[in-house]
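As a starting point, one isolated chain is supplied in C-alpha cells, in the form predicted on its own.
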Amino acid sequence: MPEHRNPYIQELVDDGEKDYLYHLGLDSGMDLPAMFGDVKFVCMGGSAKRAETFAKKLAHDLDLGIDPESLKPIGKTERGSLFKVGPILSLSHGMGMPSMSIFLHEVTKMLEHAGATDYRYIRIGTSGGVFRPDDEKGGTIGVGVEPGTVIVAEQAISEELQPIHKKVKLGKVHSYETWFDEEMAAEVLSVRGDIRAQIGKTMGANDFYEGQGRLDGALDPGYTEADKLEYLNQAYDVGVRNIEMEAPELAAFCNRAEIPAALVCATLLNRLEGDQVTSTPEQLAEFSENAQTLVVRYLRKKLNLSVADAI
C-alpha cells in the first residue's frame, strides 16, 4: 500500500463496505477500474463550464477518436463536473482551497479504487500577475510582462509569503511543503512555442479581495494603496509572479500523496497597476486559451499523439 494511502479506507473496502465519493456522485461499489483505470492525467479548473470546454478542446485537438459533442459529465453535477477524454480527466473543483481540497481527496480515492497508476494532476486557471518592467530583462526566460502571460508554478506561496501550506487538524496546525514537480514544470514550459510563458512562484490566497491585497472590496480593508504596493513588491521579491486561490492546497496535497503536479495559470492583469479586471471578453478568452493550449501541447507530447488540428 502506498504510504500516503489512508488505511481506514482500505479497511472499509476490505470489510465489504462502500467508500462513497459524495461530491462526485460515485462510490467504490461501481466498476471504477473499467471507468477510470486507464487515467494518466487529471486536468482541473474552477468552473464546471471550463471543465466541459476543456474536455471538448481535448477531444477536438488530440487524435483520440472522440467526438467532442458526445462528451457528457460523469456522476453528480451539483458541485462540479467530471469529463473523461481517453486517459485524461477534465474536472471542475470550484473556487478556493476548501472546495479544491474536497475534489482532490475524492478524485484521488476514485483513481486508487480504479487501480490507476502513474497519474499526474494539472490545474489550469486564471490569475492576477505581479510583474515589474524589469521582467523583460530579468525574467526566467525573458518574456514580455503584459496580461496573457502564462505562469508555470515552481512553488506555491501563502498569503504570509511563506513556502508552506497550513492545515488545521483536530485543532492543531500542521505545515506542509508546497513545491511543484520540477521536471513536469520544465516539460510544460518546453512546449510553449509562441505562447508567452515563464516559470515563477504562485501565491494562493483564501479570498479574492482582502486576501489578495485588493482595495475594491465591499469593506474598508484597513490598508492603503501604498501598503498594498509594499506587500505586492515583497511578494515579487520572494519570486511570486501571479496570485490565485488554490496553489498551496494543490501543491501540499500532491506532495503528501506523491502525485506529480503542475499549475498553469494565465495572468489577466498586472496587480502592481490595478485591482480590477478590465480586459474585454475577447481578450479574457484569449488569455485563458493560452494556458489551455499550453497544457494540450504538453499532453500531446506525453501521450505521443499526432496533431489532429493545428493549434
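Start at 1 and count along the sequence shown; that's the residue number. Note that the structure is a prediction, hence the values are computed from the model and not measured.
Unshown form predicted in complex with a further copy of the same chain; subsequent notes refer to it.
Segments offered: 171-179, 83-91, 189-197, 236-244. Contacting a further copy of the same chain in the predicted complex at heavy atom distances within 4.5 Å is 171-179.
With respect to a further copy of the same chain in the predicted complex, the three residues 159, 208 and 220 uniformly fall within 4.5 angstroms at the level of their nearest heavy atom. For the chain shown alone, residue 50 is a contact residue for a further copy of the same chain in the predicted complex, at least one non-hydrogen atom being within 4.5 angstroms. The shortest heavy atom separation between residue 301 and a further copy of the same chain in the predicted complex exceeds 4.5 Å.
Among heavy atoms of residue 154, none comes within 4.5 Å of a further copy of the same chain in the predicted complex. Put simply, residue 257 is close to a further copy of the same chain in the predicted complex: some heavy atom of it is within 4.5 Å. Taking a further copy of the same chain as positioned in the predicted complex, the only residue of 279-298 that brings a heavy atom within 4.5 Å of it is 284.
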